[in-house]
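Heads up, the chain below is alone and in the form predicted alone; it's given as structure tokens.
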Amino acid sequence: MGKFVSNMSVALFGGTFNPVHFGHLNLANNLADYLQVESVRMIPCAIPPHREAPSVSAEQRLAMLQLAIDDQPLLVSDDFELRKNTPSYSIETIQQIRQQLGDQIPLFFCIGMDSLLTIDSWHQWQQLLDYCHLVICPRPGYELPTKGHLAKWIEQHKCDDIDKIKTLAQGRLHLCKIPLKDISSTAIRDSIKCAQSIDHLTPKSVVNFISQHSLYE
């Protein structure tokens, strides 16, 4: 599938990236190909409102991300949330990027099925689709809700036709079927604490950075 750049559409992929790993990189590249976007902006969050603060600094997580994507032409690191000293609310990030792109360019916000199931606890969650499309990536053990207000909201906005979605700037929810690698940042941190190799889990440049700075030990 060729890269679609005529409308310069953009996908956003957020997370703590603590640390970034092959699962993140594989998913981001597959999303770039599937959505045919100009780029996938990988956005590390500084102060995640729904989880414990990361154990390493924002600057170190950004540095690892930049090292990991140095040879990945479709992936871009974005420090928008790291430049803030307040919690990282997705709606604020998306609003800002929508303002940068204008009203006509498709904007995709990519999250996992696990995040979708708790999205109704997010700040101003019902406004997200006013600014972007939501692209939901499957995760083992998680399925769509079948009843309740969240199930109704999902059904109201869900669209299976990705080609149709690409003609719209925002407003749809799409379930993609991109497989995820069975890798987690938690597993990497646990491996480091146990003095186990992580060479197969994250790029060598990231492995070297972690070692040089004695992270996660």
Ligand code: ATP
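Counting begins at 1, following the sequence as shown. Remember, predicted model here, so these are calculated numbers, not experimental data.
Just so you know, the form predicted in complex with adenosine-5'-triphosphate exists too; it's not on screen, but the next bit is about it.
This chain appears without its partner; in the predicted complex, the one residue of L27, V37, L173, I69 with a heavy atom within 4.5 Å of adenosine-5'-triphosphate is L27. Distance criterion of 4.5 Å from any heavy atom to adenosine-5'-triphosphate in the predicted complex singles out R139 from the list H123, K84, R98, R139. Contact annotation for P145: none of its heavy atoms lies within 4.5 Å of adenosine-5'-triphosphate in the predicted complex. Of the heavy atoms in D114, some are within 4.5 Å of adenosine-5'-triphosphate in the predicted complex. Although the partner is absent here, G14 lies within 4.5 Å of adenosine-5'-triphosphate in the predicted complex, judged by heavy atoms.
Heavy atoms of K158 never reach within 4.5 Å of adenosine-5'-triphosphate in the predicted complex, leaving it off the interface. Judged by heavy atoms within 4.5 Å of adenosine-5'-triphosphate in the predicted complex, the contact stretch among the candidates 85 to 93, 71 to 79, 125 to 133, 106 to 114 is 106 to 114. The partner is not shown here, but in the predicted complex the stretch 182 to 201 reaches within 4.5 angstroms of adenosine-5'-triphosphate through a heavy atom at I183, S184, S185, T186, R189.
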